[in-house]
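First comes one chain, alone, set out as structure tokens in the form predicted on its own.
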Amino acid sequence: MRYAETGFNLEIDLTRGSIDKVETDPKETASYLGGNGISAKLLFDRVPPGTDPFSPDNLLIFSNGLLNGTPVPGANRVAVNTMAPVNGLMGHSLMGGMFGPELKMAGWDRIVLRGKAPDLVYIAIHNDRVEIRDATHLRGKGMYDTARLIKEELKDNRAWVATIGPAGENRSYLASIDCGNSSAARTVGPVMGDKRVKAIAVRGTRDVYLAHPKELWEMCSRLRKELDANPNIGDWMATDEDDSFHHNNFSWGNARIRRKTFWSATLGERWRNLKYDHMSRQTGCWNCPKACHNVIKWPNRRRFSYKCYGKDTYHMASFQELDFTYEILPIAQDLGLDSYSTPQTIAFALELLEAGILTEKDFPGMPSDVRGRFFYLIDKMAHREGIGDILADGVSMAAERIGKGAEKFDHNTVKKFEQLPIKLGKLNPAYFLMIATGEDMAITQIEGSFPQDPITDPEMKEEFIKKWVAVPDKKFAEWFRQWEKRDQLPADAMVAIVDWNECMHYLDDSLGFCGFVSSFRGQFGGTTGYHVWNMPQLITHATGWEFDKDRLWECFQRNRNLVRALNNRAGLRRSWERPPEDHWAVRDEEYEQELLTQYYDFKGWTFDGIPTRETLERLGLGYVAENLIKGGVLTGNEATALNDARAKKKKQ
């Protein structure tokens, strides 16, 4: 019997119309855990290098975290992965809510889609009963109506429906997949649309078996109470109405203008009333004590939900206020557009108009007021009409297509993904490394374990360290104790801190944890729900496999290097790894490149950022090394980054 996982993948070839129940190897789960770890292996093994992301040979994978569907609180994330159209690398997104646990209770660890349907379809799953159904009557419908109509057709209001809107159908690179107000953003929405899958409906009624149910239940009962009582975890923006941090520090418009004194007590009170006068309730994801979603019913709009910085993106991009976000967000969500990249792309387009690179002829019939322009452009982008066809590719690719100097206005993307609109003064070395080398979409998927700034008060610093249970090694506490200025820590500390940050996110993404109860929240208050000391116990109780910190850390390293190798095979090299040039006002190219070299060396990678044969073999990825050698990505004799750099210097 398999514990914590079902042991089966649902494999659907949309071209052939075949549906297969495929038993998986438990050794792979023990090595990669689940979530994006298994997805990376499937993509490496089964999507040939050079495959067009819109080819039928590309895969779209919904991969459950290992602990989803168990009593572990806050474990509900499903990793949605593919080879991404925007840059050709592994696309990685996460969807919370209910879909992942429901899928596991239907008897499936993951869904693997390949091929393309002849026309629009949806997939209906009820335990072992799986159907590919006609969805042509749903063409062009928004997310809300699609989910409602499918539930009516299935006569099952308890099914959970993951769907794309018109943006996904039209392969907008800004398209999301949504299920019950939880979204898998960008990269995956256009691939789902390309495969002509409008939605996946899931209903599960089966048990998930556990190796040591009594021990796991006792541990989870205690953890649930601790999570509920811990003010440092969960999304603080769901309940704290003081949002001065984002509005005073993040940049507005096309990520260029800071309004350092925007926030005021009067503004905060007005916005608080806007929220609570129109809030229906607060909700949370499956088996989580934190209610991080604010559900809003705005006049003449459908009820919608938001969390975190998503409530700020539209009004900050347009220099408006919260009421505008409440007006536009439900419509943009229904169209299936991501709320981080879409507003930035619109602000970028309007700045090009102001600069004369685009003209009024490019925007026929566009209103003159900024609110009307945002509504006009989200519709054009979702349907790929006119200028919207170009903008639907996102800022970086749109700038390339427009030309005429538009590239200079693309100053907030990394690896062609729009970043949080932050422009700062002096370089933060750890954040330089995280932003440069991260292979997800944004810094929020990398940071979180180590604080962003030092604590100057000695007593407060010691109190923080005392509560810092998540620290995997005493050296991190010592570094933090010595830390006085943001940019002043030894390089070996910087790379180790980045490695720890990455570790936690990779573990969350394979086990199914939400970052708000784990990886992202450790930087605040020093306490977080999950860390390398209690995760192994949970895995052991759930699966029956003996895990400790070292074995868990090795799983992280294996997953990280596999993702890296997959992306190296797809073309990722050192030259890609640059934060936006104006992210920090003060830059030092020589120092940054030295940092990058030391980070690569720490990882066991070459000077160009490719895992060496020795590194891959040490992690049981020898077959990956052989594949890279065969493809000419490695020779097999490479040195790690510092030795490589020294050898090159000698030759010079």
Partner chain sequence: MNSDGKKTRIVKDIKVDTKKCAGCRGCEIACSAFHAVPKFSSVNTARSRIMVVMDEVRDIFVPIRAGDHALAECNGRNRYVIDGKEYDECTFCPASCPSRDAFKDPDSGFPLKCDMCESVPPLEKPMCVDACTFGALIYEEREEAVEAEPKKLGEMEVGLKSLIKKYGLKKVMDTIARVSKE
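All values derive from a computational prediction rather than experimental measurement. Numbering follows the first chain given and starts at 1.
In what follows, reference is made to the form predicted in complex with the partner chain, a form of this protein that is not presented.
* Residue among Asn181, Asn568, Ser396, Gln557 with a heavy atom within 4.5 Å of the partner chain in the predicted bound form -> Answer to the contact question: Asn181.
Going by heavy atom distances of 4.5 angstroms or less, which of Trp252, Trp500, Phe520, Trp286 would be at the interface with the partner chain in the predicted bound form?
By the 4.5 Å criterion, the partner-contacting residue is Trp286.
Heavy atoms, 4.5 Å, the partner chain in the predicted bound form: which of 409-417, 218-226, 190-198, 560-568 makes the cut? Say which one. That would be 218-226.
query: Do Val295 and the partner chain come within 4.5 Å of each other in the predicted bound form, heavy atoms counted?
result: Because a heavy atom of Val295 falls inside 4.5 Å of the partner chain in the predicted bound form, the answer is yes.
query = Contact between Leu154 and the partner chain in the predicted bound form at 4.5 Å, heavy atoms?
reply = Residue-level check for Leu154: no, no contact with the partner chain.
- Task: Indicate whether the partner chain has at least one heavy atom within 4.5 Å of a heavy atom of Trp160 in the predicted bound form.
- Result: Flag for Trp160 set to yes.
* Applying a 4.5 Å heavy atom distance criterion, does Thr205 contact the partner chain in the predicted bound form? -> Thr205 belongs to the contact set for the partner chain.
**Message:** Given a 4.5 Å distance limit between heavy atoms, list every residue of 293-331 close to the partner chain in the predicted bound form, or none if there are none.
**Reply:** Contacting residues: Val295, Arg302, Arg303, Phe304, Ser305.
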